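Two separate entries follow, structure 1 and structure 2, each one form of the same protein chain as structure tokens.
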Structure 1
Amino acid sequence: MPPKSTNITTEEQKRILENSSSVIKQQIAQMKKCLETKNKFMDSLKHVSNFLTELKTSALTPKQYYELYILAFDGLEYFSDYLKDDKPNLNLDDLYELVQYAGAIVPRLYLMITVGTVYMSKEGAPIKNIMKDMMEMCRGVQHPIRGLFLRYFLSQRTKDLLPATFTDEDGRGDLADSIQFIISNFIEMNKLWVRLQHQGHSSERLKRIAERQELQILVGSNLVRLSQLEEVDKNYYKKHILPILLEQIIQCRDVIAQEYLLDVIIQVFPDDFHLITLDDFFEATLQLNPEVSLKKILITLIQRLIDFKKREPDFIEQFDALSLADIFDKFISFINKLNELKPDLSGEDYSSILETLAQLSIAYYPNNYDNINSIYAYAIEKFNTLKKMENNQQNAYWKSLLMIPVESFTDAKSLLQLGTTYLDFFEAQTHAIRTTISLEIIDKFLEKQTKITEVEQVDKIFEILKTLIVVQEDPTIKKLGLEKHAVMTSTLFGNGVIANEEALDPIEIVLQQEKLAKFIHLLYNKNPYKNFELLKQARQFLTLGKLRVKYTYPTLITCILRLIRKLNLIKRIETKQQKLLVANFFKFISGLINEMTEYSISPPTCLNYNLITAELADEVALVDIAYDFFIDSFVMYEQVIVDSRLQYQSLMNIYNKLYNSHKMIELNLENFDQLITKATLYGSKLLKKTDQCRAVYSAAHLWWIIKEIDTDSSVSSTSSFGVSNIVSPHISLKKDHKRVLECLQKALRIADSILDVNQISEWIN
């Protein structure tokens, strides 16, 4: 044997490769010339032997060796074509004998396989014997790389010549012999391949691994060959092929071989073969070297089955219904065995196995939620065991398992069909993980605009989203009593546009809450009363956010106002009964605003919600309710709006809404007068004189209210510019000259005291 290639440099290898390549090319060229010439056949044989001699090298990497192999292969193809076509009379028996005496063993065997396979292709050849002969002879090369390529050559050359049916003519072999031939070659190649790992110095372990990975397809090609045998059906495969393959794979105990070969089996044999051999396959995986990544193998298998279902959705019907009904169960009982025999399987592996399994179930049994429930039950169990073992170490790899329902089901709402195991498992996760998942779930729902239509669904989804709502208890804040303090200061000086808390929330919290607010819009039912129930239910959860309601309640209010408008539009606020029902809507809004006020959330905002609610109440002719909301607004104005600029702005807002309360004027003028009297008074009490002056002047409008009448609705409703110049028909709803005059006079008096006349006239204009 030539010395080991241990110390060879890459440059040297490159040079050797170049040199050998050119020798092979030259020798092939010369072989061709000799074959064209009479009586030069023996010379050509010599050239063949010469180029094959280059394959004796041990100096090259597998990839480099493959380059030489390809060149030599081309030469041998040419040579064998010549033998086949041009030498019909050449006595192959003789030739077969002849090459056996030629040169070194490697060239001799290549030549022998070339001639042998030409021989096999001839009519009446003793195929079975030739097969046996060649297989036997190949044992002569035990160097892993050379041996693997030689046997690969054997496999390539014989592929179309092996008996392909189960009928044996004159003892020349049948398909069973072919299968045995391929399997023997496989077993021998696997041995060579595994042996390579144990050659050379241990410091070259990594290099060996790399070499072996390059060589792997040579071994795998035998399995490809088996899968190409058309006469082999799935039952034959289950009975006569797979068991031998698995046995060999188990016996070799080699991690690389086991992982790779099982992968190849999964890839090259058809899906229906796998469906009937799941048990055998599982059984084998439990006997592998403990270092083998079971996860990789199982995921490959499951993924293949999932792809199959996607590619051939109708296959199920053709397939034996019984054996299909329990694919999932088969996997589950395997998981049970796995837990029993390999309790130390890592959480990460376990979770990704469960993850693909969930995907399998969703692909095959889209309506079976029990399967998914049981997957989460398994997850919790493992999670808890690991928690004990790993000392409460929580890991992020469970996250994608929890995302499966929203990501793999076509309808994200399937998440809400799941049982309690999902939530239990979810709640076992860290706050950080739960937060990410909650946000991603919201994203999924928003992306597809998936509506939440039932109260139970609200409960389910908010049990998850609670993560975002409830403020994470930060022990440091609690101890110092900072939280309380913050609330109190904002009550004392609760006049800022922004409440103190708002400034404290980090940006990611703000974004989360805004997302949550967007989600509220997805709570939808065609029936406005049912829709209301959904929103009410959501509030039960949102209220837990305490100060955070400032982000979500406004949306809740907006949604309810919209519902009321809708009811009005479809004329459902007519009868007493209907009005009572809607009154609840208003009451609910009032509760929300009160809660926000209690948390001292932006008083002008709260005031504004009171006013727009009052406005709507008036619009739908619930004038008593409108009155109440105005009163609430007034209380708020008096008690919590302290800043003078805000006071003025808020008051203007109040005037504006009062001015538009036409229904109240019509239906309860007494209440209205009470309100505007009070509002006018507020104006005269403002802190700054200028504000007073403007306010009282504005208040004058409240005592003379004109309503335009739509005569030609199409014109007046679309009117914007230009049309405003036309005096539209109008009626006076309220006309109190005396009060108007009083207001204007008062405004003038105040103005007098602070401004020169020019300025006054300027702004009166």
Structure 2
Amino acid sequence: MPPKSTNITTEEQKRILENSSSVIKQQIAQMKKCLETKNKFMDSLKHVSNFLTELKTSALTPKQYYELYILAFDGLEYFSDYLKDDKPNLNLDDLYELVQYAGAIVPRLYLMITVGTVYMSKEGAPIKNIMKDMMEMCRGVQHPIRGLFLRYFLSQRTKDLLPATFTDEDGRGDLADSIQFIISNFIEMNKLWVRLQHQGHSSERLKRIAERQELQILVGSNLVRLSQLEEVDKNYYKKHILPILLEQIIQCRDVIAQEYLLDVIIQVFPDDFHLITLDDFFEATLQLNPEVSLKKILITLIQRLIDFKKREPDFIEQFDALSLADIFDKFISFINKLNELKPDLSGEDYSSILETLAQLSIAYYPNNYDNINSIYAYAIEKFNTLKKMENNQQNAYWKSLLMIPVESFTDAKSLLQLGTTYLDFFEAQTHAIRTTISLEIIDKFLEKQTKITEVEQVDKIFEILKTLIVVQEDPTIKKLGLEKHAVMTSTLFGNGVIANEEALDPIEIVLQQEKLAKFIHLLYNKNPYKNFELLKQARQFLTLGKLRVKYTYPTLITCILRLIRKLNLIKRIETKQQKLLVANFFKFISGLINEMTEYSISPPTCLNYNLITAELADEVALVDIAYDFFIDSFVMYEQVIVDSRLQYQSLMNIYNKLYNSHKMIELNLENFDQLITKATLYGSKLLKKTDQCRAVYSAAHLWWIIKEIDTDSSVSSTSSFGVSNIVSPHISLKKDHKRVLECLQKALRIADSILDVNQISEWIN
């Protein structure tokens, strides 16, 4: 066996491993040969002792030592199988005593455990005494690596041999003795494991940490074995097992050991065991080494309980050993103690703990919004404390905490049930975080197509979405005390204000506003009048966006027009009272269009909405309102539409809407005549003569209007060519031969004055 050295190179370690492996294999082969030969049993014991001697080395890393251990383990398994076969000349009691006279302690103990466990498997064996004997003898190996593997071997060999019931048969021991055996082995292994950290030079600290992480599974195997004892119930675990485990974990004061072992306890023991031991567990965590990551431990525990709730909801509801209403309160009580004992806990860790706690509350108490409110109250308090202490920008890790209700609630509207603490915490974050959260909330509503049906809900959701609505001030301009000024257009080209930032918005802003516009469609109530109130309330927030209303107001207008059409379809715009109510809808649209006009937002679009609204007002027989919208359109045409091509296109649109204003012709012909006269005059004043000519002869149609009547019958006639034509019945709403003639003559004179021979098409028209 090589001498012990602390400065062995990697190459030397490889050489030692190869030599030791070769020796073990050779000795195992010799052992097998002796066992197969009569009267060679004592020689085989010598070969077993020889290959076990190689396990005395201290020169190998844990991984390399494990390779030797596996080779030796295989050899001992073969030897054990031989002993299990009944041999007439072999007395296990005498052999168990004999192997304890081996010279070196490591081979002696491995042989003792091998023979002892075979002896335990025999009928009538004194199991309890053998367990105690092996446990005491293993204390003789105090080298961390050798001792850990020796005790791991003891755990493996006795796994299926320990008493499994609480009934003590003939003094052979019971389950309590088995539990004591496993716990004692765990305590000793943990001491060896922790001791490894303090060996060697301080410069090798990281190396020791890596070695300990490689060995941690050996220690954790004892806890796994405890969790596999079927006769142990949650009450026995609470009284007799967990207190001893927690005491040992606390006393070791080692960060790596405490974090790992608590994680193993959480992972291996049943979920209902954790539910009744929360107080004990929390009390222990507060006594851990200050450097232990409580975040990791608590998140693991909470996530385990959440998964249990999702996996077995029926079992949770029938759980009688604990009032489930206490679970959240226990965690809150722990948070209070944590704040007292560790006021310097980092914001990231605190946020992560609150995040998983919020998930727990939603999983166990989905309708208890007070729990979530209290979590955000704690978050605000910690956030403000850290802000004063750190005096820096808010950290992004709080974003995950804000996302919990968005991601965890199945019904998106549950978010609106939260109190003011969520909004207060939301508003304390950076603009970037608030924007991200707002977009996620909109996505949630859009994905589920969740409708907002109450005014109070509109207020709550738009308080959050206000981040997307309000234009963020430029910090540089704000710091210098400057203001953005709009660019005034010359009166020569029309009056209005065109803001310098209206021209081009960043693509991300455009996408955000488009998503916000989609969200407006979710403001819905079956009652059109209540639906109108929702949209009115939304406008109170959308107007704060100033120039950004160009993205959202068109959607608002469309929604209002849809409501009016719905009322008309169900014949709710017939009485005077109903018409007065619907007049408010049109007044609201007018306000939206006027506001867009003030910001000079796409004048052709504003004009088009005016004309669409005028057409709808005429359709529902509110001709005075239709007249007002046409007048507004004319004013907009005169003051805002300055491009000659746009003027012509806008005028054609006006002509089209006027031609279809049949109710105004029937109910107020005087107003209609004023409108078409003014419209015709606009056509004659266009800049280009070709546009004048087209506009004037198009205006001739406004003085001769025919309305088709929808009936089931139709008139059939035969042309001079023998072709049968279907003629729909119609009536003449307006016939003014004189004005039609004047328009056509005016158009001819304009066409005659056009010098360009290429404009012959105007003559043809």
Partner chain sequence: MSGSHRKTVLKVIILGDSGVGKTSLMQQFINGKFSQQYKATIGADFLPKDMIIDDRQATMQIWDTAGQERFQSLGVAFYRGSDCCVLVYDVTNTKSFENLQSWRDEFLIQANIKDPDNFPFVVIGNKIDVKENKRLISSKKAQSLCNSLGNLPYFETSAKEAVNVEQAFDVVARNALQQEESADFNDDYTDAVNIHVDGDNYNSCAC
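Please read all numbers here as calculations on a predicted model, not as lab measurements. Residue numbering: structure 1 sequence, from 1. Think of the rigid core as the biggest set of C-alphas that the two forms share within 1.5 Å after superposition.
- Structure 2 is taken from the form predicted on its own, while structure 1 is not.
- Core-superposed comparison between the two structures: CA of Val48 displaced by 2 Å or more.
- Relative to the superposed core, Glu348 undergoes a C-alpha shift smaller than 2 Å between the two structures.
- A movement of the C-alpha atom of Phe425 falling short of 2 angstroms is seen between the two structures when the two forms are aligned on their rigid core.
- Superposing the two forms on their core, we find that the Cα atom of Leu60 is displaced by 4.6 Å between the two structures.
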